[in-house]
Structure formats: structure tokens, C-alpha cells
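What follows is one chain in C-alpha cells, specifically the form predicted on its own.
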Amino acid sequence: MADMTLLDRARKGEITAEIRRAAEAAAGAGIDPETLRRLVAKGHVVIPMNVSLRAVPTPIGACMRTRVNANIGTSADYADIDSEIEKAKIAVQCGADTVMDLSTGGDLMDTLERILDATPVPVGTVPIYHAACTRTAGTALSDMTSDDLFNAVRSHAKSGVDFMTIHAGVTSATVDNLIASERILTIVSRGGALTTAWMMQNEQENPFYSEFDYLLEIAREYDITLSLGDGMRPGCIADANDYAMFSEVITLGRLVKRARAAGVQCMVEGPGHVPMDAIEYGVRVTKELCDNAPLYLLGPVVTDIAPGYDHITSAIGGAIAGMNGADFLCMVTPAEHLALPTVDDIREGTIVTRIAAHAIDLVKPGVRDSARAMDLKMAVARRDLDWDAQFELAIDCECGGQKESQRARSIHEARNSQSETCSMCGELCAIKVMNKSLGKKD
């Protein structure tokens, strides 16, 4: 158990082993251990890491590389644990920095423990899913108790979970604002919906809000990072940046201060479906209200009409959000809004989200130079028509256990002659023509 949390020690000026290791991992961004310590002490960076010290120290927040989370987990319809383990492994292999277990089917604790054993990166959960799914058979959701919720939190903490999504900002006042709104899709957050339904059926305040101090006690005990959930995130473009969303954000800002005062690291989650011209405002207001706590976003999805392509719509929104201060992107797969994702969906979603994260890093203070150095290497390889180097430098180069992009190589070789150029331009390749004209390449 933690006598002092990582946040406590950072505030006392201690450069812990976790901070030192995290700084070494971020060395390409020019972050030294003392700078990282100060950012952690301010709450502008979190390092989700259970007291068990199972996970790789992964700094998330200001001046850090934009991180990517991959959601996996069973459902009542598909409770194949082996498949979820495979998804977790492929997500990490493709560059996911964290994994969240969102399981709602089968043996939930067995699934979680196997994911923790198979995954070296930080693992997150949503304990209310566990509480809702494991209540006594035949009982209603309203029969779930406050003890059920906190027992799920403690159970996950004991197992070694590093961060948890807790919808503590869904309060009676927030629900009143929601009811008074003209939203088309009232709540699309599963945790937010479960919390709201329980509150309305029991006519009681959200236990995670009314007993927030108890939640902080558990988080301190296991040095859990709280991810304050966005239960009121907009589920369609028409509902973006509305009063219900911002009323929850205001509450989350107050909870951030309480968590930090208790020595508990926390980050804040954000929307949702948002049109491109509204993303900057939403991100900047949220960061301001929450005192620059790391911001964790699903998307934002920038249009409602692209089922099957929402990994792309969310990457567009994520890149814009990151330019304006978002720190952590939740992977969205092609199966979003449609079905439980397959292994291939997880692979595709992770890579596309990593592309958005890298695009952010090309303009992000603290990591811009190292990110641009990667692109410069690719530019040189393209100038030199060095195909092997291009495949080795591609963002998906290690996805599949290889050291090069299998996708890029297969496309190139399947449609290419024996010439050194690609089959689009052939001997009229602009790069080849100019290299020869300038005497740079035979």
C-alpha cells in the first residue's frame, strides 16, 4: 500500500524511480527528470502506475508525446477472453500506450487479470461496468448499492489496475441540466447512462460524487490515477458544446482540485461528437476549468454520417483537439457505433489514431523537434528512392511483429515493375527526374 503517492513525492521534490524511468522514455522530447517531476507535481502530467509497479511508466500530459489508448473487452454477446487478449497484444504491438478493459461479459475478474498479465502498458477500467454486470441475478439496476460501486473500485485496484474512469461529475444538478436541455441523444456514455439511471431510479445523489473522499482514499491506497469521466459528452454534432456538457466540466474542475489536494493524480475525459469549428473552444475551456489536467478524448468525431469510417472521423477531430491542448487520444475503430471490434479493427484503429497523435506532435511544444526528425528521415528516404528505409520508417513498421510496414511493402510490390520508382509515375517520377537533373543520383 502507498504511504506516499507519486504525486506526494513529486511535490516534496523527490525524483522517484518511476519519474526517472518515464523521463528516460521521453528523452527524445528533451524532458529531463526534474522537469518531469515539476510537471507531475503541478498535475499537468500524470504517470498512471498502480502501487504494484506492474506497468511501464508512461507520462501523459503537457510536453509529452501525445498518447494513444486502445479499448478492448468482452460483451454479453461475445465473451471470448482469448480474443480480447489477442486484441490487447496487437494494440500494444501497433503502438498503443495504454489499454482499457471495458468487459461486460463472461468472468470479468478473470478477464481483467489475464489482460493485466499479458499487457506491459498501463491498464484502465470502468468499475461501474463491473458493479452493474455482477449484481445478483434477477435484480434491477436500481438495486446496485454504493458498496457495490466501491467494492468494484477496490477489487480492480487490488488486481493492479493503473487508472480508472469514474463518472463523478454526473451529479443531480448535471442531470437537471440534461433534462432541461433539447439534446437529441441525451447520454451516449455507457458509464454516464448507468450512473444517471441509478440516480433517477433511487432518487439519490451519485455515490462517486457524494462519497468522493472515500474514492480518494482507495485511490491513494493503491496510487491509482483517476480519469474523471465525461458522462455528458455529446453523442451527435447537434448536441456539441452544450450546457449539459459544460456543467459537468465545471464539476470536474472542482474534483480535480480535490484529488490533487489528496495526493491523487487525475486526468479529465472529453467529448464526443463535435464539429471541427467547435473543437478548439471545447478543449480550451475544459483545460482552463480543470487547471490543465491532462485531457483524454474519444475523438472528437467530426461528423455523424460515417459509420464504418469513424476511426477516420475521430482521427480528424483528435488532431484538431491535440493542436489545442488535448494530451491523450482514445482509439476509435471502424466498428464504432456498429459492433464489437475484431482484431483487425483494433489494429486499424490503433494505427489511424497514432497517425493523428503524431500529427499533433509535429506542432506540440516539447515534442515538436523529435517528431519532425522522424518525418525528416522519411523525406530523405523518399528523395533517395530508398524503399527499404521508407518501409522501416513507416508508423506501422512494427505492427505484426516485423521491423517494417508490411502494408506499405505489399502495396508497393504488388503494383510495381522492377524499376526503382513506384508504378504511379514510373520513369516520369518527379523525384527521379530532379535527382538526375541536379546530379544527386544516377
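All residue numbers refer to positions in the sequence shown, first residue = 1. Keep in mind that this is a model prediction, so the values were computed, not measured.
Beyond what is shown, the protein has a form predicted together with a further copy of the same chain; the following relates to that form.
request  = Indicate whether the candidate residues 173, 177 and 223 are all in contact with a further copy of the same chain in the predicted complex, with contact defined as any heavy atom within 4.5 Å.
outcome  = No, because 173, 177 and 223 lack any heavy atom that approaches a further copy of the same chain to within 4.5 Å in the predicted complex.
query = With the partner removed from view, which of 311 to 319, 212 to 220, 259 to 267, 146 to 154 is the stretch that lies within 4.5 Å of a further copy of the same chain in the predicted complex, judged by heavy atom distances?
reply = Every other range fails; the passing one is 311 to 319.
ask   = If you check 92, 197, 109, 81 against a further copy of the same chain in the predicted complex, which one has a heavy atom within 4.5 Å?
value = Comparing distances to a further copy of the same chain in the predicted complex, the residue within 4.5 Å is 197.
request  = Using heavy atoms only and a 4.5 Å cut-off, determine which of 298, 367, 290, 352 is in contact with a further copy of the same chain in the predicted complex.
outcome  = Going through each option in turn, the one that passes is 352.
ask   = At the 4.5 Å heavy atom threshold, is residue 97 in contact with a further copy of the same chain in the predicted complex?
value = Answer no; every heavy atom of residue 97 is more than 4.5 Å from a further copy of the same chain in the predicted complex.
ask   = Is the gap between residue 53 and a further copy of the same chain in the predicted complex 4.5 Å or less for some heavy atom pair?
value = Answer no; every heavy atom of residue 53 is more than 4.5 Å from a further copy of the same chain in the predicted complex.
ask   = Could you tell me if residue 307 has a non-hydrogen atom within 4.5 Å of a further copy of the same chain in the predicted complex?
value = Residue-level check for residue 307: yes, a contact with a further copy of the same chain.
inquiry  = Would you classify residue 38 as touching a further copy of the same chain in the predicted complex, given a 4.5 Å non-hydrogen atom cut-off?
reply    = Heavy-atom contact with a further copy of the same chain at 4.5 Å: absent for residue 38.
inquiry  = Residue by residue through 224 to 250, which ones have a non-hydrogen atom no more than 4.5 angstroms from a further copy of the same chain in the predicted complex?
reply    = Going through 224 to 250 in order - heavy atoms within 4.5 Å of a further copy of the same chain in the predicted complex - the hits are 236, 237, 238.
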